[in-house]
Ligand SMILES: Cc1ncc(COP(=O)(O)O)c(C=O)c1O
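Below you'll find only one chain, the form predicted alone, shown as structure tokens.
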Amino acid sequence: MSKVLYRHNVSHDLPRAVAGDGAWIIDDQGRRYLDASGGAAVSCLGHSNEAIRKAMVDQVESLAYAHTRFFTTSPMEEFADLLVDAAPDPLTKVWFTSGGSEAIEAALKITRQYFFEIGETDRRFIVGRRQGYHGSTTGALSAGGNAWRRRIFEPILLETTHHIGPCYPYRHMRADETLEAYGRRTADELEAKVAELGPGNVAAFMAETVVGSSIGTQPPAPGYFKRIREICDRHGILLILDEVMCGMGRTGTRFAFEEEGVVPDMCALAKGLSAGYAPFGALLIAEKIHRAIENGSKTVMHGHTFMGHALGCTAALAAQRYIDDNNLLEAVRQRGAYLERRLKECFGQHPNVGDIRGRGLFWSLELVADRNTQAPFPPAAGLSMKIKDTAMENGLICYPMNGVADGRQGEVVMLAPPFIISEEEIDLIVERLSQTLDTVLAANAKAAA
């Protein structure tokens, strides 16, 4: 028996991955799995990119690690240049981390330090969104509003975090509203929350630009983030966007916020940042935040041992250069349009698919027991794990999530294939997903009869 404490079903035997081949993972029995979710939207360049592998080998042969308290390195400087050059003003500085949760923790602490440095020390509240997810560390989990993930940890979460509703039209848009009107109404919940907490007490609003697994690849309504930005600016509140899952090309642009016509004060990145070839994350930071610290204490009161790791920076630098050199943002847009079309052809009239949503190569199916009433399946049915396991049996890796409707009910299947995916492989994803859902839903109906 394995000595590993596994993440899900702690005594569950998992297949042992031994090799990668493009969009495929191969186990020690020679079985091949089409990775249609990039793990958790991580492996955006597949599992056998030679350019990234070579860059990492070359780097580790010269230097693997130098602590950032004592040294900088060329990979760190070069990757910072790449990120800042790609980002719009006023995002001018980068803080490196080992992953997404660390990037969010850094954003929370840097937010507090910023207001300390400028003398607005009453600003302590962070406003997030219900059903948002920003990571599993304590600060990140507090800022997120995913009820299922928060439930047993509520007594130790930060009391300075508050939440408004998600931008989730499938569940919350009224029949008499346009999508734009719904977005405005939902964004205005932030105005009400700021009034409730006191404008001088609120430090930041945090949200995923395109919501990831906690709702399932939900883009914002048109104009939603412009209204959010307006509210933040009027009250002196920082806007922090979490693009750990949806950023770095996943939705068809380098940063997902490009399509929203806004620029955040900080933007958290990870997952596809290094394409999964090394644990890595980053936080883009606005110039005014950097200047406040530089003109004040001159020291960021935060840090981690492995931040700016030379090998991680090398992997991320090679990954982003590969994306640019091979015009893969355009490939994401083209393949994403094909994936959308195939999903809607296959599942658009499915009696148990209530919504198909996404952007770029970032799509989800929301499963429902009744398409007309939008009633979710009962949680006791355990559809998410059954879908994952049956898909694996069918040689498909997808990312099912439960609790999307209200933190307890609601099932989504998320797809985030690599940017190098072919149309033939997309056809295979849709075929195997259809086979998987037919098997699981038929078994569920039989058990309920």
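One rule holds for the numbers: they count along the sequence shown, beginning at 1. On a predicted model such as this, the values are computed, not experimentally measured, just so you know.
Another form, the form predicted together with the ligand, is not on view; read the next lines as being about it.
Asks: Residue 312: heavy atom within 4.5 Å of the ligand in the model of the complex?
Replies: Contact with the ligand, no.
Asks: Residue-level contact is defined here as any heavy atom of the residue lying within 4.5 Å of the ligand in the model of the complex; does residue 133 satisfy this criterion?
Replies: Contact check for residue 133: yes, within 4.5 Å of the ligand in the model of the complex.
Asks: Taking heavy atoms only, is residue 113 within 4.5 angstroms of the ligand in the model of the complex?
Replies: No, residue 113 is distant from the partner.
Asks: Is the gap between residue 160 and the ligand in the model of the complex 4.5 Å or less for some heavy atom pair?
Replies: No, residue 160 stays farther than 4.5 Å from the ligand in the model of the complex.
Asks: Among 95-103, 114-122, 76-84, 332-340, mark the stretch whose residues have heavy atoms within 4.5 Å of the ligand in the model of the complex.
Replies: Stretch with heavy atoms near the partner: 95-103.
Asks: 244, 256, 284, 367: which sits within 4.5 Å of the ligand in the model of the complex by any heavy atom?
Replies: Checking each option against the ligand in the model of the complex, the one that comes within 4.5 Å is 244.
Asks: Using a 4.5 Å cut-off on heavy atoms, which residues of 263-298 contact the ligand in the model of the complex?
Replies: Only 271 sits within 4.5 Å of the partner.
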